[in-house]
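What follows is a single chain, given as structure tokens, in the form predicted alone.
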């Protein structure tokens, strides 16, 4: 493959080099978090984290482990930059979005450091397209302080069952209410839309429930407008972990398999809209 045979001397000028035999393995996971134009890319020896935020109320992170890449070289402890995610996806989709069976577009991403563009080399059938996308100094991502020691309730579901729930709930509702409890209704999703109130309940013994670990009854509401972007990740995923902490903050972690069967994670954090008092 031409991209992998570039001279090592070329690589030494870059602080980050990442190769993928199939560009879709990056573009698909980025689509799962694309709800704002700009994203923060953070690279460490563990891999790549891409963060998108909205109004200090919602944060999405896509994690692409270093092992997913055919080559992942980083010359600093931490490499971070902000980039226009819409432009990046346009480049990947236009020049690397082939849907021809058995044909994939190879991707090589290179970054020289602060002030330099992110350079994409996309190769298909011996033809190489070069895209340079301007980068900016990254803003500090919001720390939602979502800590596993403060998690009060957690369930892991098959994604299909959550897709089914979303198809049956009334999406005209301004909020999604989530009740998690060690006793009935165990795990309940509720909406309050134009068609009236709707509830979707899961038994803790449901076949769709892989893990049920609830220590206290919690009912919280989340703005539907904030949760809707996460349905992109849901559509790609096979499992989803739903967690709430002692403040009512919500973590939705999606397990996504790429075209090659490798596992990546997408996580959404959302702050509660309002506390619901129990009667």
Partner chain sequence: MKFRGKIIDIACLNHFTRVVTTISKLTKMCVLRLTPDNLFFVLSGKVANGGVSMWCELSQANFFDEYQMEGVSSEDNEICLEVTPENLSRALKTVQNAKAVKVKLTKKHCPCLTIAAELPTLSSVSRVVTHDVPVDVIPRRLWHEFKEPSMPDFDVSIYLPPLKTMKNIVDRMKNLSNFLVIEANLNGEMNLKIETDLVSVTTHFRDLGNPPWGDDASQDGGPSQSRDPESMVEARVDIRRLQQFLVGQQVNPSKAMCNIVHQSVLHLILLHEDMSLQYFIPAVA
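Residue numbers count along the first chain shown, from 1. From a predicted model like this one, the values you see are computed outputs, not experimental measurements.
There is another form of this protein, the form predicted in complex with the partner chain, and it is not shown here; the text below is about that form.
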**OP:** Name the stretch: of 122-130, 155-163, 171-179, 198-206, exactly one has residues whose heavy atoms fall within 4.5 Å of the partner chain in the model of the complex.
**Re:** 122-130
Subject >> Sole residue of 74, 189, 142, 87 within 4.5 Å of the partner chain in the model of the complex, by heavy atom >> reply: 87
**OP:** Let me know the one among 167, 134, 148, 184 whose heavy atoms come within 4.5 Å of the partner chain in the model of the complex, would you?
**Re:** 134
Original post:
Would residue 111 show up as a contact with the partner chain in the model of the complex if we use heavy atoms at 4.5 Å?
Top reply: no
Subject >> Distance check, residue 93 to the partner chain in the model of the complex, heavy atom within 4.5 Å >> reply: yes
